[in-house]
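One chain comes next, on its own, written as structure tokens: the form predicted alone.
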Amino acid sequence: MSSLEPGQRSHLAKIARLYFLEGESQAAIARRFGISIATVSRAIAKAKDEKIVEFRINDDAGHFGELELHLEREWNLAECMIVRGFEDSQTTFAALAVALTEMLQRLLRDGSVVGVSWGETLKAIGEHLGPVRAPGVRVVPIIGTMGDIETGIYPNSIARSFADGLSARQYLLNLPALVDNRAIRDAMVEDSHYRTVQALWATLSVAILSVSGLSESTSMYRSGILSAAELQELRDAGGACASNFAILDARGNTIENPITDRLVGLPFRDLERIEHVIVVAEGSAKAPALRAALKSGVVDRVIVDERCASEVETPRVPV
């Protein structure tokens, strides 16, 4: 039985309605009510705990099942999960989170170590994740710090939300993801804190990634991490996909570039030794980047909405 007073329940319901149905950001809701973003985030989580907000995935007549099997065969995947795509991205993210929760419940074991990347998709997923019952789970970022901590698009903040959803222990990576030059990067990776995280990365059993293209709509540009000129430089080098800040071409090959030489994070090819590498993607615009990531051969599981899934199919050549 709920311990909430009617006024408290009404307040949580109003915040949930603004967030899920009206599409307001947590920052906008915080300004509206004169509270912090963290308080809004806790209110949304409380609304879910109190069953004020509930999500359900309806697999009507299994209409995604055939496409899931087709993509699994086409890309040699262990598993593909497809959810309905909603007009409101936040509702789609919530559905993706439900699917990821179900997948992790099956994959995680006592003591599993989960590596989490960054980006707006994973930020939203983390807010809706869980609970997952697997004791002793640990969560660690697999990329250095970047983005704006106030917006939550920040690797340590994202890892924290995943740790909260998984009732797991969180580790921090307090080094920048992108430094001025390779010499600084080489010095940083010799830091004792970084070595501790590297040792933890060596034990990863699950890695969770997002993907993006290299347009000005990507989080890397809008967060001020890369300039328009740097994005163009990566595109000129053949870049088609960014994942954990690695740059892939359309064939799934990693691109070495002076920009990527400045990266502090888990190298993309190191993902090959991890048992489960999951990519979560939303929207048809992510399909070209997802296709490049799939061609890399690193990814073994994907969770996507129906729009991304339908676009990521290999185009059929007319007879």
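All residue numbers refer to positions in the sequence shown, first residue = 1. All values reported here derive from a predicted model rather than from experimental measurement. The term rigid core refers to the maximal set of C-alpha atoms that superpose within 1.5 Å between the two forms.
Same protein, other form: the form predicted in complex with the DNA, not shown, and the subject of what follows.
Under a 4.5 angstroms non-hydrogen atom cutoff, the DNA in the model of the complex lacks R195 among its neighbouring residues. Within this chain, L67 is remote from the site of the DNA in the model of the complex, having no heavy atom within 4.5 Å. The shortest heavy atom separation between I37 and the DNA in the model of the complex is within 4.5 Å. At the 4.5 Å threshold, heavy atoms of A250 stay clear of the DNA in the model of the complex, well away from it. Residues with any non-hydrogen atom within 4.5 angstroms of the DNA in the model of the complex fall in just one of 267-275, 282-290, 252-260, 27-35: 27-35. The partner is absent here, but in the model of the complex a heavy atom of R133, alone among R182, R133, R73, R169, sits within 4.5 Å of the DNA. Here I303 does not count as shifted, since its C-alpha moves by less than 2 Å between this form and the one not shown after the core is aligned. Core-superposed comparison between this form and the one not shown: CA of H70 displaced by less than 2 Å. In the core-superposed comparison between this form and the one not shown, the C-alpha atom of I29 has shifted by at least 2 angstroms.
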